[in-house]
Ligand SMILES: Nc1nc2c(ncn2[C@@H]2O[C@H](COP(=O)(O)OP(=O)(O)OP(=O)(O)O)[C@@H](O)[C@H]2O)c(=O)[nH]1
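The data below hold one chain only, encoded as structure tokens and taken in the form predicted on its own.
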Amino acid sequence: MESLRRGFANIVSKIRKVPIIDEKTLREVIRDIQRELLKADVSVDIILEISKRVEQRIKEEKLPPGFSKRELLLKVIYEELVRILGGEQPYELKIHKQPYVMMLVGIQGSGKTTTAAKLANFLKKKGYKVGLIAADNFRPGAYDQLKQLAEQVGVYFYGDPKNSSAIDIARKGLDYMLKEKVSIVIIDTAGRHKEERELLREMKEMEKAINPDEVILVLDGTIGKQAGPQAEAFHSATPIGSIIVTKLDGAARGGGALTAVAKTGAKIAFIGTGENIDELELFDPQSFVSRLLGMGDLKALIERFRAAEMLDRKRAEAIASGKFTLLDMRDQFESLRKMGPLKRIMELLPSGLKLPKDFEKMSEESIDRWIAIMNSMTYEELLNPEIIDRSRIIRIARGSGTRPGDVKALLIAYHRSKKLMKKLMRQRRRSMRGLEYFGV
């Protein structure tokens, strides 16, 4: 995963250094993302999906006031990576009964027995009374390994190397843990392969016999995108509640494993980040992507964008209720400027409508000045002009290179426009009522 982190850190650095985010730069950034994800063994269909969504969102999403296109690109990349890793809501362990029984399943060599001990250690530190059951009677040494790890962690242990029935071991182990009033029981089962039908059948029978509260699939992060078919095969045999992806510390293809698993819809609960007993952590897609991008300030940036989105929703509500804001006024002015010079627009007016000789020049200058003034306002000020007091007027004037009198003139024009809008809204409502009266 370290190579993937370095690759994305370079992409972020590139985005921050470029002077502008134009189409050429966007294409280069998307190619860099594709290259890094391919190296991490992420499947081509997921890579193409991310590429398309990033490009589409950058071209279509409106940039909130106070943000740069550079920041928008970083936000979009962050959100798309979080999305393919399972979304913003991390796994949440809910112990609704005692003992809460977890059954660990997985292929041979996935690190399942070690993970069982790591999980026991994690839960013990959370204050739970934990027990481990060695129900893997297929792999030589599995009993001794888990017993030793249980002693190291300091949790309850049950196993019987002389018993050939894994189901019987699990049942007797649960009876023992119940007597000891253990809060959480973790059952380590024999490793299966998705093609080994006999072992998968046994796993199915065990799940039916002991009725665990949660079945956890342990997957090796080094297998890359093949983790997806493995997860689907196990899920078809017995419903998988959550997944633990191991060996991510040295897995160059760990990104492929994580994205493949997330695509199945299964929740990634934990990731193994090293060989030590403490190196198991809850998987939080947002924190994982923040570390991947090497951006400690990313959370603050996302929060700023969400605050702006909240204000956008408030603006939509205000417009629906007939409220006219400075933001609406600025949008109208900018739309007017896109139509061309005022002289051309004035030619479209009825011939009987006479305007002052200097109207065109005055209006051109006023519109440009007022747009500059409104661009110097905060989003909150644009939505709620009532909060603009003397100190804010001075700040806005300095920021726009105008005089406080110009800011006041804009506010006067705004209040006049607002009154006109209210009058038009009232007339429209009366017209609508008249149409309803005539059954139109």
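Note that residue numbering begins at 1 and tracks the sequence as displayed. Being a predicted model, the structure only gives us computed values, none of them experimental.
One more form of this protein should be noted, the form predicted in complex with this ligand, which is absent from this view; the next part is about it.
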Only one of 93-101, 137-145, 121-129, 323-331 sits within 4.5 Å of this ligand in the model of the complex by heavy atom distance, namely 137-145
Out of 226, 238, 242, 114, which one falls within 4.5 Å of this ligand in the model of the complex, going by heavy atoms? 114
Students should find that, of 275, 232, 168, 180, the residue having a non-hydrogen atom no more than 4.5 angstroms from this ligand in the model of the complex is 275
Residue 107 versus this ligand, in the model of the complex: is there a non-hydrogen atom within 4.5 Å? yes
4.5 Å heavy atom contact, residue 246 to this ligand in the model of the complex: yes
When the contact criterion is heavy atoms within 4.5 Å, does residue 191 count as touching this ligand in the model of the complex? yes
